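Take a look at this one chain, the form predicted alone, written out in C-alpha cells.
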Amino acid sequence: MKRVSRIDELLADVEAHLKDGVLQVKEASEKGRPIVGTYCTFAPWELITAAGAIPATLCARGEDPITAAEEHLPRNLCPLIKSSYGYALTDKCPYFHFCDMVIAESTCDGKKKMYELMSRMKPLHLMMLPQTAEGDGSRSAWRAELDRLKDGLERAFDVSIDDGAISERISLRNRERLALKSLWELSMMDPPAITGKEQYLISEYCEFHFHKEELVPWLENLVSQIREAYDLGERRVGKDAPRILITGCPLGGAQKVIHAIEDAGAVVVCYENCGGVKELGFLVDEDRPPMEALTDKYLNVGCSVMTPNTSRMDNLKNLIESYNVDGVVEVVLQACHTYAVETYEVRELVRSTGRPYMSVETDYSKSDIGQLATRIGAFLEML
C-alpha cells in the first residue's frame, strides 16, 4: 500500500476546507456583521475591516453564469466582467448573496459600465482610480478616494473609523502578506517544494478564510511543515522541470493554463497576476499616518490600467530573477485591451533577460483546452 506523504496529508486538509468561507460569511451575516463584496486588489482591506466589516472576494471565475450575463451585456466583453455580473444576476454567488454593499473600482471601461447595472442589485461604492500612479495630482486624487470610501463605510454601517483601528488592521494584513510571501517562496527552492496547482489551491483557501487572526499562524505553520517535509527528502517536482512564471490577467476561470503547463511536465513557480505575488511587493508602512500609508500602498499596485505601468515591469523583472524562471507565459483574457496592448512591452522585457515568452489569449470556456495543450507543449520544448 502506497504511503501517503506528509505534504499530501497537509494539502488534503486544505482541500477539505475550501468551502469553509461560505459558512463563515453566512454565520457572520446572521450575527449582524456587515459583509462587503470586492472584486479587485485596489479595494483597501484595512479600511473595510476597520469598519467592522468582512471583505469577501466576489465570484468571477466560472463560465456557467455568462449566458445569463449576455442578456444584458455584449458578447464580445471580457469573460471576467460577464462572469462577475452573471453570478450577481443569477444569485449564484453566496458571497454576493450575503454582502451588504459592493466596493467596485474603475479599473477598465467595461467594468465601470457593468457596475452601473450591478448597482441596481446591491448598494455599490465605485472608487475612481487615477489613470497614472505618477505625480502629486494622482496621489492626492487617490487619497481623496480613500477618504470618500472611509466616509461611505462610516455612513453605511453607522460606525466611526479612527486611526487606531486602521493601524491594527494594517498590522494584521501585513502579517498575512508576510505569511503568503513565505508560501510563494516555497517555489524558489530547486526543485520547488510544491507544484503551481498546489500553490494556487492554498492561496485560494487563504483568500476565502475570513478569520485572519486564525489564518496567519495556521499558514505560518503550514509553510513550516512543508519546508520540514522537503528537508526530509519529500519531492513533488522533478529536478529538470522547466520553471514557468505566469503573468497577465487574473487567472480565475482560466486555470486551465496552469493545468496545461504542469500536465506537460513543467512547473509554475510564480504568479505575477492579481491574487499572486503582485500585491505582496511591499507592505503598508506602519510608521506613517495610516491613511497616508494606505494611499501609497494601493496606488502602486502594478495593474495594466495605469500608464505608464512601471511598477509592474519593475516587479516582473525582479520576479523572473528571484524565482530563477526558465520561461514566461502571459495570459490575456479576450477583450482585455490594456493587458493585450501591454504584451508588447512585457515580451520585450522578458526577452531582454534571455528567457522565452509566449502570450495566450483565452476565455473561460473549455473549447481551447486542446489548442492550449499543443501550443504550451511546443513552447516548453524550446526550453
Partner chain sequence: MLTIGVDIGSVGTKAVLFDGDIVDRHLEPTGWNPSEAGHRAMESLLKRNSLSPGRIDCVVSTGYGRKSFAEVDKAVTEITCHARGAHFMDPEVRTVLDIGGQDSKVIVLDDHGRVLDFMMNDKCAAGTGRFLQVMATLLEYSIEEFGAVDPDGEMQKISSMCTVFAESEVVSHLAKGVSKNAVALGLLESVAVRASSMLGRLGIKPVVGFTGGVSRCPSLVSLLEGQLNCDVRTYGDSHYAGALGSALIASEL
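Numbering follows the first chain given and starts at 1. Values in this document were obtained by computation on a predicted structure and should not be read as measured data.
One more form of this protein should be noted, the form predicted in complex with the partner chain, which is absent from this view; the next part is about it.
Screening 347 to 355, 324 to 332, 310 to 318, 44 to 52 for residues having heavy atoms within 4.5 Å of the partner chain in the model of the complex returns a single hit, 347 to 355. Shown alone here, residue 375 lies within 4.5 Å of the partner chain in the model of the complex, counting heavy atoms only. The partner chain in the model of the complex comes within 4.5 Å of no heavy atom belonging to residue 8. Contact residues in stretch 354 to 383 (any heavy atom within 4.5 Å of the partner chain, taken in the model of the complex) are 358, 363, 365, 367, 368, 371, 373, 374, 375, 377, 378, 379, 381, 382.
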